[in-house]
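Below sits a lone chain in structure tokens, taken as the form predicted on its own.
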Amino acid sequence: MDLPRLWDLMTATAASAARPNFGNVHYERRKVPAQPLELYEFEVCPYCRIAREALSALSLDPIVYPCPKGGTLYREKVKREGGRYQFPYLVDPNTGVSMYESADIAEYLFREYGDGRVPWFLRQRAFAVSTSMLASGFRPSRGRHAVQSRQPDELLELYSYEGSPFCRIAREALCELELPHRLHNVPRQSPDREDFVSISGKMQVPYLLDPNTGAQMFESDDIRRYLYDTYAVGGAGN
């Protein structure tokens, strides 16, 4: 393994270690939304991480609209609809609810789709924010700034769970390229893992499906390279 790749994995793993096992295990989900939730966020944002952990813990599959700094596609929509540039921003078309604030989002998700009990790693706000900031500090430049891209006609799909360092690398590329995607969360003990294996053939994440090209692949490095080669203007920057 070359040094850049080794360093990439080391820092991604360190970021996961800062929030160990948070969002990696399924918690009770009492219903599935009829329409997918919408999450406006960017990968390195520590508050966005807390919202993603809640979604992952409940095995909920939102449509993610990446809003990295310098992005021109979805940040303005958040300002227009919510009134300010603040992330994460959750929209639930099933209930008409939209909200900022990661703690409020976690509480809402567990009340609406779980058993109402927010796990301690999300409920203890000072701990959640400080450790999530630490995680962001290990990869401060990844998933932060927008890269000019060509937009796909159809949503990409990524099977993932929040705490995986390999999934993080794939999500960072989607974020940097402002590629909207359906994020399928399949943490340990998720009831959705069986359906995922029937699609992919094995339990391994990340797993990317691109209906625009027919591409299907595991391996974070391959996914990042593919996304940049296919969608980055000039096909470079990964």
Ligand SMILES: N[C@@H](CCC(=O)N[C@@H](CS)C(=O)NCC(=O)O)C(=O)O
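Because the structure is a prediction, the values reported are computed rather than measured. We number the residues from 1 along the sequence you see.
The following text describes the form predicted in complex with the ligand, which does not appear among the structures shown.
Judged by heavy atoms within 4.5 Å of the ligand in the predicted complex, the contact stretch among the candidates 67-75, 116-124, 162-170, 148-156 is 67-75. Although the ligand is omitted here, in the predicted complex none of Leu174, Pro180 and Tyr231 has a heavy atom within 4.5 Å of it. The partner is absent here, but in the predicted complex a heavy atom of Cys45, alone among Leu58, Leu208, Cys45, Leu39, sits within 4.5 Å of the ligand. In the predicted complex, the ligand lies farther than 4.5 Å from every heavy atom of Ser132. Shown alone here, Gln86 lies within 4.5 Å of the ligand in the predicted complex, counting heavy atoms only. In the predicted complex, none of the heavy atoms of Glu81 sits within 4.5 Å of a heavy atom of the ligand.
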